[in-house]
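The chain that follows stands alone, in the form predicted on its own, written as structure tokens.
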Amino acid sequence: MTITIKDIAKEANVSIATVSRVINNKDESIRKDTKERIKTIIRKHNYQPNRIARSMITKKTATLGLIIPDIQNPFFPELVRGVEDFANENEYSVILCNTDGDLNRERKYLDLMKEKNVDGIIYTYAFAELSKPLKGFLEENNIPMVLLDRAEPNSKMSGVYVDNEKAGYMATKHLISLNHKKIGCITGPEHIENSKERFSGYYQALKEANIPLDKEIIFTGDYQMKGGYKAAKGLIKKEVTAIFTFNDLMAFGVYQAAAELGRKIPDDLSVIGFDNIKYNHLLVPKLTTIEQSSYKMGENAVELLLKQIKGTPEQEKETIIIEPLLMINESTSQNKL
């Protein structure tokens, strides 16, 4: 037999409206003992509210959309876990969409978000800026949104990002402290803001150490292992003593190139990555990298989005900056040349 909200109200000897307020967390005016009695009965009967009926009344679906550019990049699964776990703790479900940097897929997923009437969207873009389809969607639907990982300059939206400039500075400073002066750099795609910021940190550290910027040892990468491999081949031939890659996946490519060219890490070549993805322990030697806590970023993004959903439409933009951590492992060592 399926229990209804009416049955719970009868057993608790309260009105249906009182049970509804407890279910919807609008129970501030209800006595503590009454709330506990109702919650005990709900648990006893394993009562699950009818979400469709509930959404018709509240105009909310307790569903969030999450749009990411590349689920194959090991950085993103941990970020997704952070979003899902914190959303579930707050009784929200998540619709995950992977665009692969394809505008047509983004359009399709935005239509899906509208169809599912999501309460808000968390978005990591793959383009030079927020796309026209996304901007149009926001203007038409006035839906709460939080940017995650990749900022857009002068954006009026809330966001969660690591301090990329500081992280780039820390990574390069570490290599300089080990007496490296010819430090190769494999950036991310030029149009992505976090790549620009990491490069700014790299340049700042070189400038501070009076090391001239050598454009011949700066390669544009793609945040993929293959891109790191290709760039590393060129850098090793230019006899760099260290390489800073703007994500760990490209560092995997550097390891492969070094092995093929007979360069031992870290004796012949120091390598530092960015992200501290969970697969780093598979590398020998273990990769020195920048930790940016993707799981925490996911949690923070949901926190900001729920503030918007539960707040007022005029709520001001809020930004959370994650402090990077330098994780010194075995892939960097003193330059003896």
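Keep in mind the model is a prediction, meaning the values are calculated, not measured. Numbering starts at 1 and runs along the sequence shown.
The following text describes the form predicted together with alpha-D-ribofuranose, which does not appear among the structures shown.
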Original post:
Would alpha-D-ribofuranose in the predicted complex be within 4.5 angstroms of a non-hydrogen atom of every residue among 180, 200 and 204?
Top reply: no
Original post:
Can residue 174 be called a contact residue for alpha-D-ribofuranose in the predicted complex at 4.5 Å between heavy atoms?
Top reply: no
Original post:
Applying a 4.5 Å heavy atom distance criterion, does residue 99 contact alpha-D-ribofuranose in the predicted complex?
Top reply: no
Subject >> Touches alpha-D-ribofuranose in the predicted complex: residue 76 (any heavy atom, 4.5 Å) >> reply: yes
Original post:
Do residue 292 and alpha-D-ribofuranose come within 4.5 Å of each other in the predicted complex, heavy atoms counted?
Top reply: yes
**OP:** Given that the partner is absent here, state which listed stretch (114 to 122, 137 to 145, 227 to 235, 192 to 200) has heavy atoms within 4.5 Å of alpha-D-ribofuranose in the predicted complex.
**Re:** 192 to 200
**OP:** Heavy atoms within 4.5 Å of alpha-D-ribofuranose in the predicted complex is the criterion; list the residues of 90 to 123 that meet it.
**Re:** none
